[in-house]
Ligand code: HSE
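Below you'll find only one chain, the form predicted alone, shown as structure tokens.
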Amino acid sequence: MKHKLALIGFGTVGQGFVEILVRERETLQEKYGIDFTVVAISDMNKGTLSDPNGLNLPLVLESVKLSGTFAQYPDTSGLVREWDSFETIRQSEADTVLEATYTNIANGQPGLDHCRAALEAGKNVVTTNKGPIALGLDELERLARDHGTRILYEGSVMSGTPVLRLAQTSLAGDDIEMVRGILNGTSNYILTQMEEGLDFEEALAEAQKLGYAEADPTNDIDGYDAQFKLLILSQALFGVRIQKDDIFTLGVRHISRDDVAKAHRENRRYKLIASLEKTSSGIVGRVAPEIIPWSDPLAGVFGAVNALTYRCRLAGDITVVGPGAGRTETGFALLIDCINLCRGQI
């Protein structure tokens, strides 16, 4: 089966996905019978490449490595360079559009409009972009139904760690009463380093040096990244859309090294916990630091790692631990959805 793809956004995530395709193409064909062909890539900084016969992915990666753009990619008879992202979505011969632009937590743009355009054009959408899913999932799923397409977004919560698909398939038949977890690796890394004796500013600087935190770390250290992921989980797990302002949100910037040391002496530790709970009045969301005992499964999650515990009526507590970010990991999240899309699965 040949399945044609268009990538919108070619930063870390898009490049990670393409690197996986280059490395694993033969395995994917042999194991799953799927030939993923990238027919278009559009990036606001690097340019656009579209060829109905498929792009030479090693040459795409080489061009970006040499110049930071697609300028070094060789011209061919069918190659188009002039399209913007929306023309690429509508006019390329892709079956599925992979939306991998930056996350905008204010209004989800431009990712939200990219997803709308793809679905309206009769093309599937796979995305790791939290913005469109957190703010527009109900509309996007309605568009998908209306146009006979699908939208998949496994990587929007914990990257390549399949927490959404676990709940939707392996926990089918059970009732999830609560989810709670560590959904921001940057904050978790900072708290881990503070246990090693660093103060908050030192730990933040180390996280920025390693690329875990942005130059403006507000979304991570003030809890907004985790808040957005709760918006997605509420819709994906409970079918309930809640507003971000309804989620009590407090980050970690007020925690001192002395606070962390005191908790450690009491056999407890600080973690930024994001949770959703079913109550008689609806779904209640919360993001805030908690001091949890060492016996809590989440207490053993260190560094830039994420974890999520499902509290199930029948199965009890189930905890999944894995990477919540990373070039290869998030690229793999796109691959998970592409494979399951071709299989006709969730």
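Residue positions are given as counts along the sequence shown, with the first one as 1. Model, not experiment: these values are computed from the prediction. Only the largest set of C-alpha atoms that superpose within 1.5 Å between the two forms is called the rigid core.
One more form of this protein should be noted, the form predicted together with the named molecule, which is absent from this view; the next part is about it.
With a 4.5 Å cutoff on heavy atoms, E154 does not count as touching the named molecule in the model of the complex; it lies far away. Taking the partner from the other structure, the named molecule in the model of the complex has no heavy atom within 4.5 Å of any heavy atom of G136. F200 falls outside the set of residues with a heavy atom inside 4.5 Å of the named molecule in the model of the complex.
The named molecule is not shown here, but in the model of the complex it comes within 4.5 Å of a heavy atom of G185. The stretch in contact with the named molecule in the model of the complex, judged by heavy atoms within 4.5 Å, is 210-218, chosen from 210-218, 272-280, 81-89, 107-115. The putative spot formed by K4, A40 and E99 is not touched by the named molecule in the model of the complex; no residue has a non-hydrogen atom within 4.5 angstroms of it.
Although the named molecule is not shown here, in the model of the complex the stretch 217-235 places heavy atoms of D220, D225, K229 within 4.5 Å of it, in sequence order. After superposing the rigid core, the C-alpha of Q208 moves by 2 Å or more between the shown form and the other one.
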